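Next up is one chain by itself, shown in structure tokens, the form predicted alone.
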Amino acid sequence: MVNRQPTLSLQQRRKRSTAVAATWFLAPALILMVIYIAYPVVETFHISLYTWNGISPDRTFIGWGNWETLLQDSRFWQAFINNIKIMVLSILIQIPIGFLLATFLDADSKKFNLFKVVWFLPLLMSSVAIGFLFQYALATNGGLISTISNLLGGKNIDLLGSPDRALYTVIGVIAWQYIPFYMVYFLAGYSGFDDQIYEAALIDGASRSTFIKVIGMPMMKPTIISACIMSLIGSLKYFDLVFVMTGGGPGYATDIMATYMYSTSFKYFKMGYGSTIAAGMFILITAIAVLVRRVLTGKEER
């Protein structure tokens, strides 16, 4: 009796070769993600169970002690509230202004090319450079705002040194830097529109503002939702610009979770508790992002 090996069909061979090729192409990216994303996250949760200064090879296991401290840490929760303020105001400022600028530029893309370049410049600068720039521009003595106030007969204006105004000043600078990103993002959304839709609306007697309100915004809804989620996630993990401008001060008025984690880990060398703060950030950011996405997606489906 002759043993007959089962033969693979052409479709099965193609699927197998595609799977093999995909595995080889994806392997480097997956390995890098495991090394630089998955492993640090797991190790952060692991270190949070210890008391460690980050230098000594000896670590003391304390179990959930750091987490119990975190739950009662008023400074951490105040930093979290500051992050929430940045998140809400970033969405309320960046998304509408970015949408309006994109709508303005989309009206005549060739005529407004200069505006595209000028308005995009803040995004080309590093956050550290912007932080130093505004730190000097908003200085109480000799700063741009104080100088203008003095020329008009007023007094020096202390924006970054006032606990009541510092956080909102920082939020304004953040919005100034990132509005161009959402402007370009919405411009990309407009580029997907079919010109025939706009022409048909004009034939029906609709003005451009009516077209944007009745047709454009509903069609841009998925893009707007994606922009809101990106702004939300980004605002919960800000660090560099806030750290350069205020360092979390005055007092803890502009302290956010990332600056608190940095100072705890690398200024006071409490690496175990700093890892707990970082792990807490990871949990809170993930939970908020998932919750908001479900809410927005649920509304869109209904």
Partner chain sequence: MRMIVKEDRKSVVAWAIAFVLAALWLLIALLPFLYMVMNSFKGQFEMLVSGVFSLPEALNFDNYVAVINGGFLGYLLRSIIVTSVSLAGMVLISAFASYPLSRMKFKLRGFLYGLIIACMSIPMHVTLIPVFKMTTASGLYDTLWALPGPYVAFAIPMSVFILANFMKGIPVEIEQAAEIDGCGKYRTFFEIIIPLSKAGISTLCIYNGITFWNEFAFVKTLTQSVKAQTLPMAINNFKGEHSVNIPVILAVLALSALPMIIMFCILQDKLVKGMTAGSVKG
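The term rigid core refers to the most C-alpha atoms you can superpose between the two forms while keeping them within 1.5 Å. A quick note: this is a predicted structure, and the numbers were derived from the prediction, not measured. Residue numbers count along the first chain shown, from 1.
From this point on, the text means the form predicted in complex with its partner chain, which you will not see here.
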{"query": "Non-hydrogen atom contact Ser275 with its partner chain in the predicted bound form at 4.5 angstroms", "finding": "yes"}
{"query": "Contact of Lys111 with its partner chain in the predicted bound form (heavy atom, 4.5 Å)", "finding": "yes"}
{"query": "Close approach of Thr169 to its partner chain in the predicted bound form, 4.5 Å, heavy atom", "finding": "no"}
{"query": "Contact of Ser74 with its partner chain in the predicted bound form (heavy atom, 4.5 Å)", "finding": "no"}
{"query": "Position in contact with its partner chain when the complex is considered in the predicted bound form, options Ile84, Ile225, Leu92, Ala137, heavy atoms within 4.5 Å", "finding": "Ala137"}
{"query": "Complete contact of Leu70, Ile174 and Val295 with its partner chain in the predicted bound form (any heavy atom, 4.5 Å)", "finding": "no"}
{"query": "Those residues of 208 to 242 which, in the predicted bound form, come within 4.5 Å of its partner chain by heavy atom", "finding": "Arg208, Phe211, Thr223, Met230, Ile233, Lys237, Phe239, Asp240"}
{"query": "Core-superposed comparison between this form and the one not shown, Leu291 Cα displacement 2 Å or beyond", "finding": "no"}
